[in-house]
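Below you will find one chain, with nothing else, as C-alpha cells; this is the form predicted alone, and questions on how it binds or moves follow later.
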Amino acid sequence: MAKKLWGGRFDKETDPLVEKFTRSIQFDSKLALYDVIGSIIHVKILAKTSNLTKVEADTLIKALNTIYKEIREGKLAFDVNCEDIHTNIQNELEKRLNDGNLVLKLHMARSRNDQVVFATKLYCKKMIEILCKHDIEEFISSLDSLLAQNKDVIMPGYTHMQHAQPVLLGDYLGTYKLMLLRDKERFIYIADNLKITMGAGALAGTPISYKEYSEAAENVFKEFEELSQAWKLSPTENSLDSVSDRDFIIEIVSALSIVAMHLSRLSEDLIIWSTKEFDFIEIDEAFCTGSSLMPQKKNPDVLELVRGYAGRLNGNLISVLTMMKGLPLTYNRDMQLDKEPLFNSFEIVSLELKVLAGLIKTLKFNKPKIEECLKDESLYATDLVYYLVDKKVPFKQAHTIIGELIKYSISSGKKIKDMSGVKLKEFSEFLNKEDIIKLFDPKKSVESKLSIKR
C-alpha cells in the first residue's frame, strides 16, 4: 500500500477494497501539474512566514520544479497505488529528497480540501483558454470558409421539418456560428469570475495571515509558461465556501453541455441533408464509415456520435448537480466524483470541435438538388400574402386567400404558375398572374426581407 497523507489515530491498515474504492489517482492525475504549481507557491508562502528556512524552501522548490518539468514533458510515471495525485506528488518529493521531515513541513497550513480546489480551478481556466482560443476559433474558421464558398446559395428554410420560406445558406449555417460565439462568451464570463484562492486549510483557515496570502498572490503565475500572467490568486474570503464550492464546475459542465447541444443540432441538420431523400450535401469519405454487411453504405458516424455524446454531457451535468444537491458544508468525499464528469466533458467537446472543423471543410453542396427543391411553390406562400397586403388586403384575409389557393393547387394537382389569370381572380381580384409568377423566385424572396441587417 502506498504511503498516505494521513494516519496516526488509526491502528488498522485500510482494507484493500476500501483502498481501491476510494482511490482517485486514475483520473485526478490530470491535476498533477497544477498541484505542483500550488506546492511551489505554498513553499514560498511558508518561507516568507518563517515556517521554512531559505535553504529548506530552495531545496523543495528545486525538486518541485524538476517534477513540474517532468510532468510537462510526460516523463513522470504516476503511482497507480497512491490514494490521489496530491499523495503521489508528496511521495515523489520524499523519494527524491530523501528527507521525510523536510517534505512533511510542506503540508503545514495546507489541506487536500484546499489543494484540490486550487488545482481544479487552474485546470479549468487553462482548458477554457484552450477551448476559446483554439477549438472554438478553429470551428468558427471552418464555418466561415464554408460560408465564403457558398455565400450566394439559397436553400429551403424549415419549421416543423416542413418547407417554410427560402433562406440564405449563409444565414442558416451562420446560426451555428452565433451559437458558438455565445458559447465562447459564456466561457469567458465563467473564467473571469473564477477566483483562485489559497488559505482555506481544511475548512477554517490557517495561522498564516490574510495579509501574507495577499502579498504572496501578486504576480504569482508569471514563472509558469502555460499559465496566463493575467490570472490572479486571492486569499480566501470565506474558507468554508472555498473548500465546499463546486458552482464553478457545475457552470462549466453546463456550458459544455450547451456546446454539445449546439453541435448535436448541427450534426442532425447535416445528417438529414446527407440522406438520399434530401441529397443537399456530400460528406467526405474521410469522415464517414461503411457497413460490415451492406457494401453500398456510407454512414455519417462522426455526426451520429456527436449527436449521441450530447446525452453523455447532459448526464455529466446531472451527475454533478445530483452529487452536490444534498451535501452539508463543507467538504465531503462525494466531491471527489466531480472530476470525471468535468474532465470527460472538456475532452469530448474539444474533440468534437476539432473533428467537426475538419468535416465542415470537406462539405460539398448539391446545388442542382437544392435549386430543384426551391421550385416548391409553397415556399413562396408568405410572399404571396405580402403581395396582397401591398394591394391593401387585410393580412388575415390575405392569409386565408393564399391558404385556399394552396389548398386548391394541392387537390387539383395544378401549379399556381400554370393556372389561368381568370382562375386566379376567383380567389382574389388582386391576384395578377404576371406579378405572381415573378414572386416564385428564391432570390427575390430573400431580398424582400428587409428586417435582416446584411
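Every value quoted in this text rests on a predicted model; they were computed, and no experiment measured them. So that there is no doubt, residue numbering starts at 1 and follows the sequence shown.
Another form, the form predicted together with another copy of the chain, is not on view; read the next lines as being about it.
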*Is there a heavy atom of M335 no more than 4.5 Å from a heavy atom of another copy of the chain in the model of the complex?*
yes
_is_contact(Q229, another copy of the chain) in the model of the complex, heavy atom dist at most 4.5 Å_ = no
*Classify Q397 as contacting or not contacting another copy of the chain in the model of the complex by the rule of any non-hydrogen atom within 4.5 angstroms, answering yes or no.*
yes
*Using 4.5 Å between non-hydrogen atoms, is E404 touching another copy of the chain in the model of the complex?*
yes
*With the partner absent here, would T159, I250 and R265 each sit within 4.5 Å of another copy of the chain in the model of the complex, counting heavy atoms only?*
yes
*Can you check 220 to 228, 151 to 159, 125 to 133, 71 to 79 and let me know which stretch has heavy atoms within 4.5 Å of another copy of the chain in the model of the complex?*
151 to 159
_Please identify the residue among K361, K367, K298, R96 with any heavy atom within 4.5 Å of another copy of the chain in the model of the complex._
K298
*Contacting member of E137, D144, E371, E340, with respect to another copy of the chain in the model of the complex [4.5 Å, heavy atom]*: E340
*At a 4.5 angstroms cut-off on non-hydrogen atoms, which residues of 283 to 321 are near another copy of the chain in the model of the complex? List them in order.*
D284, E285, A286, F287, C288, T289, G290, S291, S292, L293, M294, P295, Q296, K297, K298, N299, P300, D301, V302, E304, L305, V306, R307, G308, Y309, A310, G311, R312, N314, G315, L317, I318, S319, L321
